[in-house]
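Shown here is one chain on its own, the form predicted on its own, set out as structure tokens.
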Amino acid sequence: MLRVEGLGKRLGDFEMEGVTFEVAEGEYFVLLGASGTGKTVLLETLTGMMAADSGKIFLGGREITRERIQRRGLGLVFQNQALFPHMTVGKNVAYGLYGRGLGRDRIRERVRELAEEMEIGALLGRMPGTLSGGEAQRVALARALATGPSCLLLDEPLSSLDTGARSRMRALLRKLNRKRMTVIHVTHDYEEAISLGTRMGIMEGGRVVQVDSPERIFMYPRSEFVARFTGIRNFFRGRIRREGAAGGAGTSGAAGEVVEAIFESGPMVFHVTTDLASGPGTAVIRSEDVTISALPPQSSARNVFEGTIIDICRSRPGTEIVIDAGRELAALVTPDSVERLGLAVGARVYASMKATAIQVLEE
């Protein structure tokens, strides 16, 4: 539905270059990246607020790279809502409909429809300065939808909202998407991205570096940057050894063939499976894939490390246990496991993980 090919834009020292991705009709596509990576520049280039220096933009098979803003068929909601302060809520929502040849009755009907859908019917006579953050964001969303855009673009729409308003807004956005509204949503918040996105693109340094489902990006990050940005804690820089490993554990084989190998990182030696050649790399291990036990584990896990707990931190998914096993290693366990195993700072424990749970990235 929306196709972006090699899009580029230079602004001073910043350059967005070679941005390429596709968004299918009815998809909720999230662009995730840190501040300054070019997410807002990309949205403003898509809408025509900035002219692209290179590349092409297609919407429904029609090239819109040089089209006027009003003719592109895209709706944009800013982080700060950008409501007109001198207009009532009703007039803000209706603003894009003026000058389109619609009668007054049709405009009023459309505003009422959107007010009901966005749950702002009681606010139509209010001024923007009297609204809460969540109310203002729903008004901005209604205004963007008024002209019937083919695709809705959202620039950090939840970042200024409190927890309750953020939850209600997420539910509203999911409801819109279920009605087949195509959405492109930029954010720096991974939790927000996975709660909304059916597919996700990761931006780094003005480029889209990985596009996939949220689950696959978390399971198979293509770079250390992507892994860190999706919340993975365990990174170990070291060397891959495909053959001649001590004890015959390493397996020879041509690069590109998946084999069991050894990964050495200082005092820690891991059994891994990889298709990379011998040489420098980074081992990535999700905290969820690390098992903690009070006694040596009786399992098929090839990697077992004894260490001392140096930190315990509660988090929304569970409890994070950090142990010193020659290098810091984080595991995510349930609160029940903390109590059952008697886990406490200073306790000696065993951490284990399967060889297949370790992803090795090329340097």
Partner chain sequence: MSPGRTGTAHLVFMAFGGLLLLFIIAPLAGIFINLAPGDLLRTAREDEVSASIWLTLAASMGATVVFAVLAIPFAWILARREFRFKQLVNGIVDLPIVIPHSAAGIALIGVLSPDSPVGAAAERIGIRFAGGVAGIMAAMAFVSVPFLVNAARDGFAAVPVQLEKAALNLGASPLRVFLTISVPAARRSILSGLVLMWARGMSEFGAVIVIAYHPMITPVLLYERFGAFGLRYARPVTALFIAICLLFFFALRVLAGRRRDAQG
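Numbering follows the first chain given and starts at 1. Treat the numbers as computed from the prediction; the structure is a model and nothing was measured.
Same protein, other form: the form predicted together with the partner chain, not shown, and the subject of what follows.
- The closest non-hydrogen atom of G96 lies within 4.5 Å of the partner chain in the predicted bound form.
- In the predicted bound form, the partner chain stays beyond 4.5 Å of every heavy atom belonging to R242.
- Using a 4.5 angstroms threshold between heavy atoms, V258 stays clear of the partner chain in the predicted bound form.
- The partner chain in the predicted bound form comes within 4.5 Å of a heavy atom belonging to M49.
- Each of L83, M87 and R143 comes within 4.5 Å of the partner chain in the predicted bound form, counting any heavy atom.
- Residue-level contacts in the predicted bound form: of S299, Q70, T334, T308, one residue has a heavy atom within 4.5 Å of the partner chain, and it is Q70.
- A heavy atom within 4.5 Å of the partner chain in the predicted bound form is found for exactly one of R106, R237, R216, R100: R100.
- Only one of 40 to 48, 300 to 308, 22 to 30, 325 to 333 places residue heavy atoms within 4.5 angstroms of the partner chain in the predicted bound form, namely 40 to 48.
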